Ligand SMILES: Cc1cc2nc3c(=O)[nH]c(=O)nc-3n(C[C@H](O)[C@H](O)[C@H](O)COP(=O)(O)OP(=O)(O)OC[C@H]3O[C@@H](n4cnc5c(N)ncnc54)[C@H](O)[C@@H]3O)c2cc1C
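What follows is a single chain, given as structure tokens, in the form predicted on its own.
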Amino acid sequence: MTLRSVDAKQMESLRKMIPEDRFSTGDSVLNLHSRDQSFHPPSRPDVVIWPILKEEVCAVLKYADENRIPVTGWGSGTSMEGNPIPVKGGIVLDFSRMNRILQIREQDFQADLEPGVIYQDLNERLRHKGLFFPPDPGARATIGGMIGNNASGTRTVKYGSTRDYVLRLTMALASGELIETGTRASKTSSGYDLVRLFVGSEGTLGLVVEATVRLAGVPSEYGAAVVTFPSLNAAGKCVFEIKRSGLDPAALELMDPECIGLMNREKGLGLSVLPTLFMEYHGPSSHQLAETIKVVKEICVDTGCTGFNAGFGRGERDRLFRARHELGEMILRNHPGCGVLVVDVAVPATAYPDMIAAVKEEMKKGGVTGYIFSHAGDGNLHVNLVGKREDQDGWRRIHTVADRTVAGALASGGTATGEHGVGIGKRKFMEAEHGKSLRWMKKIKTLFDPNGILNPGKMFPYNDDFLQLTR
């Protein structure tokens, strides 16, 4: 099937559907919506539309489907794999103005939201109610984007990912049809789980126009620790032992010495420049947390830690984790003129220590500069590989390290993408990871989007010259 750019006649038809102040073909707007935070090359849409009503989304989709015009949903552009880049042009639907918190039902631990709600803004509203929305990807991500990408983050080890918090969805399909899936009940055994099908589909099956999400109670007490190790492998083994102990950390983040050096320079943290674990624990009382931290320290000492510092207050904990969230930006700032390829894989707990050692060895063999940091508690490893933009040989070596990292994760029973999604960069690994089941994914895509207008060029390993890896 052939997808088409928006011609002059179609542009006028679209203009009649949406008020002028929410419709743009201006260069600056198109450029802004041509790329996310990844290293993937930009691609401009033909037009950007800001819907504020479900009916507007449905009308645009119906018209686009009838005229074979690509449509890509846009949250806040913080994706790391080119997920919202409109590689086939067409229409971008920017949901940033569809950002109302419709209802908070604190007695049910639920909230009804439009897709453009920023999750930090939601948590700010919830703060005085003793509730919060746990998934925490770090960037100012929208709820719709988090649902499309099944975002997770630092708290996943305890609370789970976005998929675990979505109870109900209202979806606009490619045809313009509006459907409701899921229930407000805390569990259901009724029918196929279409909610989980849509979560993580990256806008290729439908666009979220409303969601009911589950909330959690804000913990009474926080405990934190910073632990250093002589090697990444030793830190990885400690992660395994902590997980096996059943101590239930709320966050368990591992950073290599290069990351610690950056954070010290930019944030003045004064940490030892060694492989380091940031840990966080939640509990009902300070006494219980003190007992937990005591056992954690014993495990860390037994696995060879070189330093253990615990007992931070909330302010210090926030400072440490804020620095952790800003690592990606720090890396860019400290390497002017460079591009960064972010590798995101996840492996079983038993494979985690060996995976870290293997990645470090691949970087050394390839002569590649990189930073290793991870959501260690759930085996989710991030490797940020840095290279001069014009250094073609350097980028060949970078891609070799990246590909071998993914291959190692798959060989251990892991995944090519733990939380960043497939987007553009991970499409080539889909067949290796999913085998024959990929064919059934394609059938599902065809069922929901027979004309292929929704976020084309994503998820599946098409042959497309545009999608060759470039810097």
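In case it trips you up, residue 1 is the first one in the sequence shown, and so on. If you're wondering where the values come from, they're calculated on a predicted model, not measured in any experiment.
The form predicted together with the named molecule is left out here; the points below concern that form.
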- prompt: Using a 4.5 Å cut on heavy atoms, which of Gly148, Pro275, Pro249, Gly370 is close to the named molecule in the model of the complex?
  reply: Gly148
task: Just give me the single entry in Val87, Leu207, Val213, Val347 that has a non-hydrogen atom within 4.5 angstroms of the named molecule in the model of the complex.
output: Leu207
query: Since the chain is shown here on its own, which stretch among 436-444, 41-49, 413-421, 62-70 would lie within 4.5 Å of the named molecule in the model of the complex, judged by heavy atoms?
result: 413-421
message: Within 4.5 Å of the named molecule in the model of the complex - does that hold for a heavy atom of every one of Pro134, Leu254 and Arg317?
response: no
message: Check Ser152 for me: does it contact the named molecule in the model of the complex (non-hydrogen atoms, 4.5 angstroms)?
response: yes
message: Contact with the named molecule in the model of the complex for Tyr352, defined as at least one heavy atom pair within 4.5 Å: yes or no?
response: no
- prompt: Should His375 be counted as a contact of the named molecule in the model of the complex, where contact means heavy atoms within 4.5 Å?
  reply: yes
- prompt: So, in the model of the complex, is Gly77 in contact with the named molecule at a 4.5 angstroms heavy atom limit?
  reply: yes
Residues from 33-56 in contact with the named molecule (non-hydrogen atom within 4.5 Å) in the model of the complex: Gln37
